[in-house]
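We begin with a single chain expressed as structure tokens, specifically the form predicted alone.
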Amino acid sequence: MKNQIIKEFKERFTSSPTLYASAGRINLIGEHTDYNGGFVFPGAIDKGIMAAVAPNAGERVRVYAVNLGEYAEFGLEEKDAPRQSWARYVFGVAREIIKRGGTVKGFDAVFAGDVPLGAGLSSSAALESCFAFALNDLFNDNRIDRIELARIGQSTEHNYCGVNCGIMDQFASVMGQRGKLIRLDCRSMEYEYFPFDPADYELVLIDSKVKHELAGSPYNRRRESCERVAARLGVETLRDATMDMLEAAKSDISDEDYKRAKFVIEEKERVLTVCDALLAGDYEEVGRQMYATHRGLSADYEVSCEELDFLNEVARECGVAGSRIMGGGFGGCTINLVAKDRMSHFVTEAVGRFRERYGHAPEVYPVVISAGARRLD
């Protein structure tokens, strides 16, 4: 990918670029808790976005997306927003830096990635984080701290891409470290790294190939449900709610809003349980909590689909330690914590049985916890 990006850059532009990279992410547990002020537990992975970027001494941005075979050119004023959805991520990052008092001038860029689109690995956050890191390095002497770079990516989603997302995806893409997961308190932004290098288990994603589109979607409606319940309970976010509080107010809350809040409150506790289990080296407990999360996401938050529920059941039947939907939902993949001696059997069963039922094979992505946004020397 690096050689291809450099080749494309040299063919299109005359300057000498600097290479940058950022990562997609997995989230071991803690789904839909970020915008509710709770805890999440993500890590950067060994799949991401790489970009060659160079200032061009002008006031316009020229970007080529290798995977899409598309070119975009735009200015840096609000009125200059490009039409292509992928280009709006790059434009939004530049605008958010400028709005915060930072500097962005014209630049040329070529980027490519190996984050599977639509699999719930947050390719958009990887793109935002890569360009936020690059523009901070090239134009701002790295004065913007990493947490603010994550907020810049989040604001890009809110203001230019129509997704009212939490901070988790961008935080993991910017802050990720090799071999470590991050417990992030989404209210205080306090975080702690936990080593994740199990000797006897591996992580594998099974991509259903069911694509999800979050903008203007049920994702935003679920967030609104959580906000309504928090307001009814008199708390700022569901982070401060308990099941006792929710049960006491059940008669004043719609059935749908009740189920959404129930999942979030229970998921908050599952994240903390998993942290304790990892410190104790109890990966079977980690897996049990992952299965509980899947049940909640399917029955209470209702962001699963038939294909993902099927993959989860296959995992259970194959003796996989833990399995659940990962990402915003409405498609994408399951994340599976699998004992190494069961991996081959599980993958064979999952692929074969899924193909038999749905007519196409799912994609299989082994993942390794890796570094986040960085400059490549």
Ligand code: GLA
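Numbering starts at 1 and follows the sequence shown. Since the structure is predicted, the reported quantities are computational estimates derived from the model, not experimental observations.
Just so it is clear, the following notes concern the form predicted together with alpha-D-galactopyranose (GLA), a form of the same protein that is not shown.
Visitor: Pick from Y64, F310, F346, Y35: which residue has any heavy atom within 4.5 angstroms of alpha-D-galactopyranose (GLA) in the predicted bound form?
Guide: Selected residue: Y35.
Visitor: alpha-D-galactopyranose (GLA) isn't shown here, but in the predicted bound form which of P116, G102, G166, G287 has a heavy atom within 4.5 Å of it?
Guide: Only one option qualifies, and that one is G166.
Visitor: Any of the heavy atoms of G331 lying within 4.5 Å of alpha-D-galactopyranose (GLA) in the predicted bound form?
Guide: The answer is no: G331 has no heavy atom within 4.5 Å of alpha-D-galactopyranose (GLA).
Visitor: With heavy atoms only and a cut-off of 4.5 Å, decide whether P42 touches alpha-D-galactopyranose (GLA) in the predicted bound form.
Guide: Close contact is absent here: in the predicted bound form, P42 is far from alpha-D-galactopyranose (GLA), nothing within 4.5 Å, heavy atoms only.
Visitor: With heavy atoms only and a cut-off of 4.5 Å, decide whether G322 touches alpha-D-galactopyranose (GLA) in the predicted bound form.
Guide: Flag for G322 set to no.
Visitor: Is there a heavy atom of F196 lying 4.5 Å or less from a heavy atom of alpha-D-galactopyranose (GLA) in the predicted bound form?
Guide: F196: no contact with alpha-D-galactopyranose (GLA) in the predicted bound form.
Visitor: Taking the partner as it appears in the predicted bound form, which of 66-74, 24-32, 346-354, 42-50 has residues with heavy atoms within 4.5 Å of alpha-D-galactopyranose (GLA)?
Guide: The contacting stretch here is 24-32.
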